[in-house]
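Taking the form predicted on its own, here's one chain by itself in structure tokens.
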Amino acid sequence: MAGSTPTVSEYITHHLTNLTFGKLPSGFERADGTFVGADGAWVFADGGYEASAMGFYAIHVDSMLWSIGLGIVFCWIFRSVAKKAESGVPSGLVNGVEMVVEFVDNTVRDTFHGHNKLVAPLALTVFVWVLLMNLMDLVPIDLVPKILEWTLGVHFQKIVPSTDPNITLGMAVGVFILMLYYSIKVKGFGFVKELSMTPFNHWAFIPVNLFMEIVGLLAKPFSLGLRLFGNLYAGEMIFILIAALFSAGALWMVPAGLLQVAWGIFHLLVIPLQAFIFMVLTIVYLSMAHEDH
């Protein structure tokens, strides 16, 4: 990207490429024309072609660092507020954090029908963490990538972790594991009976019941993770397309600016909504795991 003006297609592809670290296979021809040695090479990918050649064990470094960093920010903010909390009327950040905690607590009380001290803290963590990751979508598209390119020579950078399916599906799989754990812990053998005798309560329909229930069970983490990814990825893509309009000439400057503002305002609704949906579905799925019929 450096040294020449990219086309619109190159601009979009560049912004949709993660900073990827992994092992290139032996004999692989890199983008600069060099070949990887017999033992392979652990390197940062120079584009999507090299990233795809790295296979399953490649790591999206930007998604990992931004998601972990935002998680640390969440913990630091809430710990600081907890240390400052005192009796009386709260103000400033303390008031905002207390409103979030109360909102999540009321949602858990209305949605979760079991007894588990883990659910409320988990719901709060999920909501705030996803909200912080989604808020990165409001940062101007080129700001952070350009700063990192000029200062550190980093050519690829996606700063919205929730636009990476590895992050959203990873969180969804974590929720799914908790679902299975509490389903077995609370229901015991009743969980197997629930899968095999629902919806048709007859032994002859056990294969049909198992097929439908297992498919429905496995669909939960996929729908949970892909819903968040799809909405944020589409929003990021539209931001990129609008940003590309600025290179179409002076005539498009004003329309592109208005579109950026309008889409940003609309995204102010989408960002907390998607965090809320992810949290509510997490609570609902864990509630279902605690329901012993």
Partner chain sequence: MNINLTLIGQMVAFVCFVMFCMKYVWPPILAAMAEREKKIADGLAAADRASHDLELAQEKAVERLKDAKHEAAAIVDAANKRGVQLVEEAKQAAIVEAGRVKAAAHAEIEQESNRAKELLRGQVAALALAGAEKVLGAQIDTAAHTELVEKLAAEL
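Just so it is clear, the structure is predicted and the values come from calculations on it, not from any experiment. Positions refer to the first chain, counted from 1.
Omitted from view is the form predicted together with its partner chain, to which the following refers.
* Sort through 59-67, 263-271, 250-258, 28-36 and report the only stretch with a non-hydrogen atom within 4.5 Å of its partner chain in the predicted bound form. => Every other range fails; the passing one is 59-67.
* Scan 120, 141, 136, 154 and let me know which has any heavy atom within 4.5 Å of its partner chain in the predicted bound form. => Contact check passes for 120.
* Asked: So which of 79, 113, 185, 202 gets a non-hydrogen atom within 4.5 Å of its partner chain in the predicted bound form?
  -> Contact residue from the list: 79.
* Site check 92, 211 and 291: each within 4.5 Å of its partner chain in the predicted bound form by heavy atom -> No, the candidate spot makes no contact with its partner chain.
* Asked: Applying a 4.5 Å heavy atom distance criterion, does residue 132 contact its partner chain in the predicted bound form?
  -> Looking in the predicted bound form, residue contacts with its partner chain do not include residue 132, since no heavy atom lies within 4.5 Å.
* **4.5 Å heavy atom contact, residue 167 to its partner chain in the predicted bound form** => Close contact exists here: in the predicted bound form, residue 167 approaches its partner chain to within 4.5 Å, heavy atoms only.
* Close approach of residue 191 to its partner chain in the predicted bound form, 4.5 Å, heavy atom -> No.
* **its partner chain contact at residue 85 in the predicted bound form, heavy atom, 4.5 Å** => Yes, residue 85 lies within 4.5 Å of its partner chain in the predicted bound form.
* So which residues in 166-191, when you check its partner chain in the predicted bound form, have a heavy atom no farther than 4.5 Å from it? -> Those in contact are 166, 167, 169, 170, 171, 173, 174, 175, 177.
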